[in-house]
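Below you will find one chain, with nothing else, as structure tokens; this is the form predicted on its own, and questions on how it binds or moves follow later.
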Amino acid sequence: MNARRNLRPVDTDTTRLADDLRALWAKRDIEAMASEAARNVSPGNATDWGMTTNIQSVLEPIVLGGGIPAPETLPRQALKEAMDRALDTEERDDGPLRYGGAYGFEPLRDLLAERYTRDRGFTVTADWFMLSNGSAGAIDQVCATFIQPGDVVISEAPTFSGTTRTFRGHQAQIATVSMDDDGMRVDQLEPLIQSLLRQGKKIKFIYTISNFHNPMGVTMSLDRRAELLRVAAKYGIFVLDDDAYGELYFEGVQHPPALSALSQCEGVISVGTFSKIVATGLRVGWIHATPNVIEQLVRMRFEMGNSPLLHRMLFEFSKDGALDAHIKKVRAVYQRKADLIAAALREFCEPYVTFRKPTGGFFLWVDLLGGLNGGEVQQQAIAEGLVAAAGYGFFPDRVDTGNHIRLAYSWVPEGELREAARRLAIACAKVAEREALPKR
């Protein structure tokens, strides 16, 4: 009782309390309190987050800035109906609205396993899959499981800047090998590995976007795939294959087997996603690996899993061949857009650019000629009403080995692609004209 009488009364003036707290916290440096990883990584730009860029220009901008599915391909009605079916359960069946566990909704993983068994030539089951927050969340999960601060990831250069940011967030060091029209320069790989090992480095992954690369749009050749797998296995290094675009191949073009098919997942961790084949807002992807690797990944999962409601909706949307039918339709859309932008570049831009027409995916990589600088062309293009990413942003050291612009043709309406190429040509011409002026 005496102890209770000695308690000081609590100040219940909440406004004054908040002011007092604000004054105390104003003395603290929040950035200094953050982890070393947080202090050494940026919040990311629009490209890192897969967003279209909101840039003001005199003209209504044409945005070729982000790898996003075309609005006209989004299956709104089918997703609504799938959601209705997902929620149509008995009163006591709260499965769609309850925690879903570490691996994700098993029928959806079964569906993925059936499609992979059919398409990749060896039998897998649901145990070979873990559902994730898109392919970006899958890569984050893989990093959380296998990377220690100071470990090395070998990456292609150029590559997707958002994944580079993920590696740095896990305090990995990034070493690079270059790219050409046949994908990763695998001939550079073993000398780099040996050099890193002599320095005492631990190499955890070789990261590749083997199909319809972001940003280059190219696909790794079969010979290079086989050599990559041999080299990685020789040194005990996982191949991390970011296969977000693998299903978006164009008609009439032969493509090599997936890395997971060639290896039967031995030493290969593949990530996939519904983001590119259906919609980015779904935020559902997957990790595909041998069951013993999946078991390690589950140990480092702490966020209570993804949404069972979305998993069930996607299962209802995808079953009975509906996903296959949807993908077939969207391939045709992106093939038309790739044809249109390639034809328009040839019509307007040939004095200033060269490029390789993509055979799938969302991206066309423009090689600028005549010493044109990618950053300067990007800025002039914005002034002309065209938004596209300069090449330097896709190199981990932000130094473009040439001069490039990435054109993401997937999202923009077909009717704007020719005008986009015309605006790029104007931008190139103006930069070239400035470069030709005598220097003062």
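All of these numbers come straight from a predicted model, not from anything done at the bench. All residue numbers are counted from 1 along the displayed sequence.
What comes next is about the form predicted in complex with a further copy of the same chain, which is not displayed.
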ask   = Can any non-hydrogen atom of residue 133 be found within 4.5 angstroms of a further copy of the same chain in the predicted bound form?
value = yes
key: Proximity of residue 38 to a further copy of the same chain in the predicted bound form, heavy atoms at 4.5 Å   = yes
task = Report whether the minimum heavy atom distance between residue 251 and a further copy of the same chain in the predicted bound form is within 4.5 Å.
result = yes
inquiry  = With a cut-off of 4.5 Å between heavy atoms, is residue 155 one of the residues that contacts a further copy of the same chain in the predicted bound form?
reply    = no
request  = Kindly confirm or deny that 68, 229 and 301 each have some heavy atom within 4.5 angstroms of a further copy of the same chain in the predicted bound form.
outcome  = yes
message = Quick check for you: of 345-353, 364-372, 242-250, 184-192, which stretch puts a non-hydrogen atom within 4.5 Å of a further copy of the same chain in the predicted bound form?
response = 242-250
note = As a check of understanding, the residue in 147, 220, 179, 126 with any heavy atom within 4.5 Å of a further copy of the same chain in the predicted bound form should be identified as 147
key: a further copy of the same chain in the predicted bound form - contacting residues of 267-287, heavy atom within 4.5 Å   = 267, 276, 279, 280, 281, 282, 283
